[in-house]
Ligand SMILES: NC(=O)C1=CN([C@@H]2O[C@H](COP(=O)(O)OP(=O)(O)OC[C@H]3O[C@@H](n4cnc5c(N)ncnc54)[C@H](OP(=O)(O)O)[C@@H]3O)[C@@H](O)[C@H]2O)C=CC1
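We begin with a single chain expressed as structure tokens, specifically the form predicted alone.
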């Protein structure tokens, strides 16, 4: 039986190598491309804008705070590779009114041309025990983290399909792959982005438009610092089991995956393993993603229980174990 499974895996890997040129999209060239980054005034969004600018892209930054936008623009412009590059700043709340977001995208396209890549980075976080979170915060987080990505994506998708090219990136979170203590308001909003990304990819792939959903770990950003002020102890201890990533490191990985047209984007070995365990039946654009699904399917035939220790085992007073069945 084991030999049969091994033979199947080897045959499947060979098949993937043979068909990979057919399923892998042509990389997007960022030189001269128009990249729109929502939530681009700070954190991961700003670092993504910098990374794209370094590769010759024209950038439209979209965020609410005009002062932060101006400061971010100055920082990004330091990384120009030619004197033709432009950083356009537009202040708007992408979660409030679709028509307003649509008008903003039109303004950006009139000035810098059609959008080649949209990066949905606008988002906010909130942690706390379920019964202690104010009830209206659940709706607000869904507006910002989910609708704040739906509206800009809806505004660019028609043009991308007409041009038969484009990239749309959704910034989810590892909390959008695995529900965690203290994230009852936050995790569902990030899970929703995965559902949107999977459904949308099925619709737009025939038009050579590719979707990437990124699952960054805890990252050193102003938003993360603010979130830590109200984190329950249990949530803090879970976070401490992994190292804090830098925003520029996360941005480089996301941009690379988006340019390649990869559906999943994860950071580090922990991120890779979590993506492998939770890949489900996500769209496959690389051999690695295909192998992740094969691995998960194969493991399901073994009725074993796998335990992930989310807190250090020596901290017995706050020991927390999450058990999952593959």
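None of the values given here were measured: they were computed from a predicted structure. Positions refer to the first chain, counted from 1.
This protein has a second form, the form predicted in complex with this ligand, left out of what is shown; the following refers to that one.
*asked:* Looking at 157-165, 223-231, 111-119, 202-210, which stretch has residues with any non-hydrogen atom within 4.5 Å of this ligand in the predicted complex?
replied: Going by heavy atoms within 4.5 Å, the stretch is 223-231.
| query | So in the predicted complex, are 56, 86 and 255 all sitting within 4.5 Å of this ligand, heavy atoms only? | reply | Checked in the predicted complex: no contact with this ligand for any of the three.
- request: Find out whether any non-hydrogen atom of residue 92 is located within 4.5 angstroms of this ligand in the predicted complex, and reply yes or no.
  value: Close contact exists here: in the predicted complex, residue 92 approaches this ligand to within 4.5 Å, heavy atoms only.
Test of understanding: in the predicted complex, would residue 182 fall inside 4.5 Å of this ligand by heavy atoms? Looking in the predicted complex, residue contacts with this ligand do not include residue 182, since no heavy atom lies within 4.5 Å.
- Spell out, yes or no, whether the shortest heavy atom distance between residue 133 and this ligand in the predicted complex is within 4.5 Å. Close contact is absent here: in the predicted complex, residue 133 is far from this ligand, nothing within 4.5 Å, heavy atoms only.
Notebook entry, point to check: Is the gap between residue 29 and this ligand in the predicted complex 4.5 Å or less for some heavy atom pair?
Noted result: No, residue 29 stays farther than 4.5 Å from this ligand in the predicted complex.
For this session: May I ask you to choose, among 33, 279, 63, 50, the residue with a heavy atom within 4.5 Å of this ligand in the predicted complex?
Result: Flagged contact: 63.
- prompt: If you look in the predicted complex, which residues in 190-228 sit within 4.5 Å of this ligand (heavy atoms)?
  reply: Those in contact are 190, 216, 217, 218, 219, 221, 222, 223, 224.
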